[in-house]
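Below, in structure tokens: the form predicted alone, a single chain.
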Amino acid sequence: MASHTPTASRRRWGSTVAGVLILCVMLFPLYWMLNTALQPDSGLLQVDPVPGSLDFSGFSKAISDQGGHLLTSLAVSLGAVAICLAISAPAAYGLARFGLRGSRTIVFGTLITQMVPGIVIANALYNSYVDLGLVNSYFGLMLADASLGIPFSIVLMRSFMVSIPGEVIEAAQIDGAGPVRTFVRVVLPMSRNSLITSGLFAFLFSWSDFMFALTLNTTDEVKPITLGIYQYIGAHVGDWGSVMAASVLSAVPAAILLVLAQKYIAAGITGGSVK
């Protein structure tokens, strides 16, 4: 065993170095975005590798111009999360516990919907939204963005709920709990990790949505940050400091959520793998 120790040590060091290099490559665009934001007076090709001084004027301008759009994205994303979980949690429970005929086919069909190009769905939704009066509305955009996370959430939560022991649900029913009460009081608390994971991904899907925001809004009444930055680039193509500052601000909420919920994500994704 001792003869293999140096080799194993070199492999660990090699894996560590490779991991660090890959991480640096992945994080470099984020660093350059922040670096450019801190040098608002420099052109895009004249940015220094390291800022000589910290200039936050680009962030002040970005907050002034894009602050309302950030709040719009936050409201739409939170609403989309609520709608997504309200639909996907009962659907996942039904597919996991009720022994529905063809449940595997339904789950497979749910996954297939993720392969449909977004522009196809957006164009179809627009015609329906015009008839329903949901164009240029918060609720309409919430519904559209919620559809991005529902298939993933159903599959994830179903795999977790399948692993819940049947004895636990039977005990609740013996105590007099009906199907709804069992679902709310027993199943949902036990599925906390998968709920948090599904909600986080639904938030990220909605927060980063551009296609629905562009297609389902024809005015400036409901403009999320993705659409705001898109139009911001056209209006301030020479002011890259402010553009990059707005991009940094748009990435902050998602980064905070990922850091805070990382342990729930790991537990939620792997929770249904062991029964």
Partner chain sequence: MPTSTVGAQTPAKASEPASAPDPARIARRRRLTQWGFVAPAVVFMLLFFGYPLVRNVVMSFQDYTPKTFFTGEAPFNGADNWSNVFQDALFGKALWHTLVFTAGSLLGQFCIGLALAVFFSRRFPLNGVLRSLILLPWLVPMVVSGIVWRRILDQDTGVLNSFLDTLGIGGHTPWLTSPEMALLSVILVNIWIGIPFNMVILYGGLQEIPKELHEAAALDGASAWRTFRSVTLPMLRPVVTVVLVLGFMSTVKILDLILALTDGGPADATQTLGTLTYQNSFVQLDFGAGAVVGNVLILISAVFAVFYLRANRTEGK
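Since we're looking at a predicted model, the values are computed, not measured. Heads up, when I say rigid core I mean the largest set of C-alphas that superpose within 1.5 Å between the two forms. Numbering follows the first chain given and starts at 1.
Just so you know, the form predicted together with its partner chain exists too; it's not on screen, but the next bit is about it.
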- Query: Here the chain is shown alone; which of Ile196, Val186, Leu85, Leu125 has a heavy atom within 4.5 Å of its partner chain in the predicted bound form?
  - Reply: Leu125
- Message: For a quick test of understanding: in the predicted bound form, does each of Gly68, Phe160 and Leu260 have a heavy atom within 4.5 Å of its partner chain?
- Response: no
- Hey, in the predicted bound form, is Ile63 touching its partner chain, heavy atoms inside 4.5 Å? no
- Task: Check whether Val222 has any heavy atom within 4.5 Å of a heavy atom of its partner chain in the predicted bound form, and answer yes or no.
- Result: no
- Query: Do Gln114 and its partner chain come within 4.5 Å of each other in the predicted bound form, heavy atoms counted?
  - Reply: yes
- Query: Can Gly52 be called a contact residue for its partner chain in the predicted bound form at 4.5 Å between heavy atoms?
  - Reply: no
- So which bits of 84-104 sit within 4.5 Å of its partner chain in the predicted bound form, heavy atoms only? Ile87, Pro90, Ala91, Tyr93, Gly94, Leu95, Ala96, Arg97, Phe98, Gly99, Leu100, Arg101
- Query: C-alpha of Met26: shift of 2 angstroms or more between this form and the one not shown, rigid core aligned?
  - Reply: yes
- Task: Please check if Gln173 moves between this form and the one not shown, taking a CA shift of 2 Å or more relative to the superposed core as movement.
- Result: no
- Message: Once the core is superposed between this form and the one not shown, does Gly102 show a C-alpha displacement of at least 2 Å?
- Response: yes
